[in-house]
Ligand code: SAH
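Next up is one chain by itself, shown in C-alpha cells, the form predicted on its own.
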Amino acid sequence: MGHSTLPSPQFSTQELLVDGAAALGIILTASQTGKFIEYIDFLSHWNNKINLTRIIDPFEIVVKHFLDSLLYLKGFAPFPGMRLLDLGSGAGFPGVPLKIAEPKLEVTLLDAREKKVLFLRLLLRRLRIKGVSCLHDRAEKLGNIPCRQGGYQVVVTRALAPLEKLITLGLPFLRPGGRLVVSKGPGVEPELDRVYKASASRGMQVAQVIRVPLPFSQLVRTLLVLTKH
C-alpha cells in the first residue's frame, strides 16, 4: 500500500480508525478508540526494544494492523463467552483488536516467542483489558495436550504458513462446529484447490471464501472460513 492511498495528514489516527471501522460495519466507542490509540503508543515504545513489527507509521498501524484485524469479524458472529484462539499472535494481531472491538470474547493469545508473550502481557495490563490469556508455546505441541483440545469456537490466524499447515495446526483446538478463520492477501487462488482437498481429509470443510476490501488501501483480503465436523 502506498502512502497515496491514505487520507490527508489533516486526518488524525483516531479519525482514520473510527471511519475505517465504520466502513467495516463496526462502531467504536470513545473508550475502545482510546485503547487503540494507547496500543499504538505502547507498540511504538516496545518496538524500539524488541522486533515486533516493521510497520511503524501510526496511520499504517491503524490500516495494516488494526483494520486488517477487524476484518476477521466478517468470518464469525461473536457472542458472550465465545472462546477465541489467536495462533501466532506476535504483537497481538488479530486477537487484541478483536477483543477491544468485541469485549464479550474470551481470547487466548498463543505465540512461540517468549519476548512477544511478555510484550502481550504488559500490553494487556497497560490497556486494562481482562478476559485474555497469553500462552508461550508452539501450536504443534499445545494441540496434542488433551485439556487444550476442542476448547474454542473460533481459531484465527494470519496466514504466516501454508494454508494446509494452518488447517493442521488449528484443527485440534476447535470444538465440533467451530470455525478456523484465515486471512490471505493476493494470490490465494492456487492454494484453494489444495485447501478443499486437505480440509475434507481432516474432518473440515470450507464454509466461506470472503473477499473484503481493506479500508484506506488498495488491498483486498481473502478470508477463508473452515468449519470442523
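Numbers follow the displayed sequence, beginning with 1. Here the structure is a predicted model, which means the values were calculated and not measured.
Keep in mind that the form predicted together with S-adenosyl-L-homocysteine is not shown, yet the notes after this line are about it.
- Contact annotation: S-adenosyl-L-homocysteine lies within 4.5 Å of heavy atoms from the stretch 153 to 161 in the predicted bound form, the single such stretch among 77 to 85, 153 to 161, 96 to 104, 121 to 129.
- Although the partner is absent from this view, L110 contacts S-adenosyl-L-homocysteine in the predicted bound form, with a non-hydrogen atom inside 4.5 angstroms.
- Contact check for A139: a heavy atom falls within 4.5 Å of S-adenosyl-L-homocysteine in the predicted bound form.
- Contact residues in stretch 56 to 95 (any heavy atom within 4.5 Å of S-adenosyl-L-homocysteine, taken in the predicted bound form) are H65, G88, S89, G90, F93.
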